[in-house]
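Coming up is one lone chain in structure tokens, specifically the form predicted on its own.
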Amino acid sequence: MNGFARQRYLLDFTVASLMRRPGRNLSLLLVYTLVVFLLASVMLYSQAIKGKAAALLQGAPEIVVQRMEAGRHALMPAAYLERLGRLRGVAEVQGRLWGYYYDPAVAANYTVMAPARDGAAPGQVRIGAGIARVRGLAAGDVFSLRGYDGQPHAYTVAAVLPATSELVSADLMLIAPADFRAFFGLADDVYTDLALSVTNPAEVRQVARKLAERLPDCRPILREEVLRTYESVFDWREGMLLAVLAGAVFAFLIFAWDKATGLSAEERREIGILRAIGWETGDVLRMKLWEGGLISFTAFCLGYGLAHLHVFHAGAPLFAGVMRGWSVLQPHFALTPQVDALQLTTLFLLSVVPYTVVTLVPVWRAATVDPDSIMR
């Protein structure tokens, strides 16, 4: 209890000491909070958007097979459906039809797909929310595009895809397979690629290996590889933002070092008085440790709380465009808060511990000098 009371008295004295220098401490707290806010915002947004991409990709095919010609993606003959269907471990094989269309009206690329299930009826189209915004379309409107033959192809908008999937569907158009082939001029016996379902999820890699051996002109792409690609893209963008913020972080470190190591004459006199009235060197160090810890921990909590509001309630307007991409059709979506314990601990250690420790060096030097010389 004596030790607990001692720390409580030290904390009371530290708070009173901080209140005697409000301008200096508030400026440090403000800059400290701003730096933590920027770093935490980038980390929270990156973690949340990677989690959302992973959730959306859970419904993607386990294996996608693409045919290669001269190192480039080529159309897949329908005869490959039967050959892949005979592979042991393959539960189902489906041919997929998808491609890209450049719309000069809005200077944007659309992703056009013709799914066998949950697509659209002939003459109709289901569009992503991004296309609906830039073209001003709603359900029941007529959507006209110029096909490969130069002729206009008109489709009735059956529905706008839900906003929950906008991260991957903002630029998406879903049309019927017959409309897709007519729009792009594809024959009936070719597909863009094939989607495979595997009987045993633990054998996905084994099935992909056998597929590559049997069809050397094809490339299998696993769902986990697609997810890793998304994570790599978002990690790269996060790193780019952190690199841009590195200048601000270094400026703060210089500012914090100057504030922490440059004891004023008043602070030195205060330390000399405390030593003269009986305070031990350890007491002075613990008092300054409380001071640095209070400032850094308060800045961490404020910065992290503001970053949470900025990302999950305001939509991260400061850098959402960079993290989402530079497409004309920017997706709009709500992020689900995801807290990574390792990420939170790393941010805490990098923001709180260094400043708290660096405050001890000048205080120890001042506390070990003769109190009479300090006061003089």
Partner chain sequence: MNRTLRKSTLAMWILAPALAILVGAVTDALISDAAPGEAEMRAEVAAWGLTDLALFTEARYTRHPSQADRHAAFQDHPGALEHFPSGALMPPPPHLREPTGP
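Positions refer to the first chain, counted from 1. Keep in mind the model is a prediction, meaning the values are calculated, not measured.
Keep in mind that the form predicted in complex with the partner chain is not shown, yet the notes after this line are about it.
For the chain shown alone, Arg268 is not a contact residue for the partner chain in the predicted complex, no non-hydrogen atom being within 4.5 angstroms. Taking the partner from elsewhere, Val311 is found to have every heavy atom lying beyond 4.5 Å of the partner chain in the predicted complex. At least one heavy atom of Thr336 is located within 4.5 Å of the partner chain in the predicted complex.
A residue is said to contact a partner when one of its heavy atoms sits within 4.5 Å of a partner heavy atom; Leu186 fails this definition for the partner chain in the predicted complex, lying far away. The stretch in contact with the partner chain in the predicted complex, judged by heavy atoms within 4.5 Å, is 92-100, chosen from 140-148, 92-100, 175-183, 76-84. For the options Ala60, Leu318, Leu350, Leu34, the one in contact with the partner chain in the predicted complex, meaning a heavy atom within 4.5 Å, is Ala60. This chain lacks the partner; the member of Gly247, Gly71, Pro201, Pro104 within 4.5 angstroms of the partner chain in the predicted complex by a non-hydrogen atom is Gly71. Residues Leu161, Pro162, Thr164, Ser165, Glu166, Leu167, Val168, Ser169, Ala170, Asp171 are the members of 154-171 with a non-hydrogen atom no more than 4.5 angstroms from the partner chain in the predicted complex.
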